[in-house]
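Okay, so here's just one chain, in structure tokens, the form predicted on its own.
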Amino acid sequence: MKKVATIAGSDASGGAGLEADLKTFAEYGVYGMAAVTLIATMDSSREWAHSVFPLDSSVLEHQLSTIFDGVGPDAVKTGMLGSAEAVSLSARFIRAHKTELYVLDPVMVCKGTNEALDPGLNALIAEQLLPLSLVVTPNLFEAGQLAGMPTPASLEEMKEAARRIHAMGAKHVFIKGGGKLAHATAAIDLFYDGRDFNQVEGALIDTRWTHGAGCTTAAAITAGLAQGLEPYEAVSRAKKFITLSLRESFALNAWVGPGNPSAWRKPFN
């Protein structure tokens, strides 16, 4: 069985972060491991306001040693890192173990916001982790932040962002546009390998319950790579996976709802 690791934050509500990653790994049939970088909580008395609690760097280092030195992952994904120490430690272990199948999900915002959590930390991610990645999976806001340009609002702007991000060292760029482009009639993402652009389209799912969709997509790509898929194949399969998941998304409470990662079983039954 392929062994896949996520280095990410824990979402106490279970919809995003490493919880979403591990659920996705299980659906793909790979063995999941997790190094916890931080714990994210939500306050029901304050309209689901988020709080973030980074773990001590020594705790993270011991987790990474367990995963990399003690087991040896076939593929690795990073999500919300939360501190400069977490970025540097992740980069150190990925480099030391020559991890080729590495997916960078450059989490820069919490769901529902459009302001970078920490611009300095984002710059460090671009400097230390982006050049190590086989695939980087920003959403539109994150693509703009990485590329040093306004948030893309059109397909051409997505292409420009992808060119810039690829030039910074990422081998493959997958920008998640979804239904946020103007006049979108489909969920449009963009894949770029440094030479060719490929639009990756799926049905536009009419739902507000999309908590953890980005984490799930990146985790699906990571699992696909571990199973031997080429980057574009892994991205295409992950797109189908998240589309089916969102088609069966549901309300967790009054504020948030995730997709259903087990939804893809049904077409194959």
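Only a predicted model underlies this, so the values are computations on that prediction, with no experimental measurement involved. Start at 1 and count along the sequence shown; that's the residue number.
The following text describes the form predicted in complex with a small molecule, which does not appear among the structures shown.
- Heavy atoms within 4.5 Å of the small molecule in the predicted complex are found in exactly one of 200-208, 219-227, 65-73, 35-43, that being 35-43.
- Of the candidates L104, A170, M80, I125, M80 is the one whose heavy atoms come within 4.5 Å of the small molecule in the predicted complex; the others do not.
- Taking the partner from elsewhere, P258 is found to have every heavy atom lying beyond 4.5 Å of the small molecule in the predicted complex.
- Contact annotation: K240 falls outside 4.5 Å of the small molecule in the predicted complex, judged by heavy atom distances.
- Contact annotation: S10 falls within 4.5 Å of the small molecule in the predicted complex, judged by heavy atom distances.
- Taking non-hydrogen atoms only, A234 never approaches the small molecule to within 4.5 angstroms in the predicted complex.
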